[in-house]
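Given as structure tokens, the chain that follows is alone and in the form predicted on its own.
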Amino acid sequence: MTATLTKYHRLRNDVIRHLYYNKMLTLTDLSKLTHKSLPLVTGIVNDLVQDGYVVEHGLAPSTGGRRALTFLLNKEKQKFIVAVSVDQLITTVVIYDMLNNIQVEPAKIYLNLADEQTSMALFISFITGYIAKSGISEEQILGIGIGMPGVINAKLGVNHTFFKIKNEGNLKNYLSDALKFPVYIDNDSSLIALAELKFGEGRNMKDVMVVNIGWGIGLGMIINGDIFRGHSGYAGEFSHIPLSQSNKLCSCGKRGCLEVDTSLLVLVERAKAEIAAGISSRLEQLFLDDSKLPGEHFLIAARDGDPLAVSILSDAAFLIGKGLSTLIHILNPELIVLGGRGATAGKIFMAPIQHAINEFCIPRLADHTKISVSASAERSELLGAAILVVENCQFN
């Protein structure tokens, strides 16, 4: 009896997830996607309609025969997801419903993860306060999904870089206890790739690389339609490929990493040095405004065509393209997506990245790899965090 019940709930969860990703499906569609018989799927869907998770939506477009009834998730079902996007300096939180509609306006806090003494306490207080102010009851929240930088094993719930727990304890369990909800964590770049796979540029594709351009340079890899994590769960440390010609020490403790010449933090410091040396730039005034971080001002200036910002960004993009050329030779992806915070200036990245790929990549491979800019930009991590909850929670 228990085994049968478990299979029932597993299929029930699968049906909800397929509707979450595909919006509107027929019973035949769901049967094909779940690889289960049509009568079994029909019974599950009828139960979900009875429980209020699913509603009938009308008839599908005609394909020559009898038009099939379609189903979608019920927007009136009061179940919500808390999605959290953490980077080295800014943490953002939002609450979505099951249709990815924003229920509570996003909030952000400037939180420096390098300050280990205060970052954890501030983080927990920020998330707890946001949920409390939302007025949403505990029973309505399915869980909290958190994307964060660092060397993360999502399966074990450990971040070896930030938010460290004594003796490398389980961060996922620690945050679940502190926040009083089920918590799921993953690397920010992996979640950005997950969002592109399920809802973005990589939808219905098998082999895609998603570059997370931010305070560092991350990489999420989709191989054969799934997120690739590697043997120990740490795949995608793109920023630590030794491509820099400088001898600068990276945050990882090694020298020559791509990150030391391409992260937004480094680009800001280069811009400040150029301005100090007498180069004229709009950035000189923007950097005086502390309502935004310098990296945000830098991206705004680049997007608005400031010559210094564009020049510095283009140099960094060429190095990123050189690194991507190596990965194209190894993985032969169908698509490369430029995502993350830096994607707001994505068009400026495109030309120098393509230039580097043309210079360093075998044409037969380069010609079969498309490059695009994420339409979601920095919001994709929040969406990926929501997906993380949907993938792991149980729908009662």
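The first residue of the shown sequence is 1; numbering continues from there. What you see is a predicted model; the values in this text were computed from it and never measured.
Missing here is the form predicted in complex with another copy of the chain; even so, the following discussion is about that form.
This chain is displayed without another copy of the chain, yet in the predicted bound form the stretch 330-338 from 344-352, 45-53, 24-32, 330-338 comes within 4.5 Å of it by heavy atoms.
Proximity to another copy of the chain in the predicted bound form, taken as a non-hydrogen atom within 4.5 angstroms, holds for one residue of Q140, S314, N173, T326, which is T326. Of the residues A154, L258, A235, L267, just one reaches another copy of the chain in the predicted bound form with a heavy atom at 4.5 Å or closer; this is A235.
Another copy of the chain is not drawn, but in the predicted bound form it has no heavy atom within 4.5 Å of F126. Contact check for L179: every heavy atom lies farther than 4.5 Å from another copy of the chain in the predicted bound form. Proximity of V41 to another copy of the chain in the predicted bound form falls outside the 4.5 Å heavy atom cutoff. By the criterion of a heavy atom within 4.5 Å, H297 is excluded from the residues contacting another copy of the chain in the predicted bound form.
For the three marked residues, F228, L365 and H368, a heavy atom of each sits within 4.5 Å of another copy of the chain in the predicted bound form. Scanning 249-272 for heavy atoms within 4.5 Å of another copy of the chain in the predicted bound form gives C252, K254 in sequence order.
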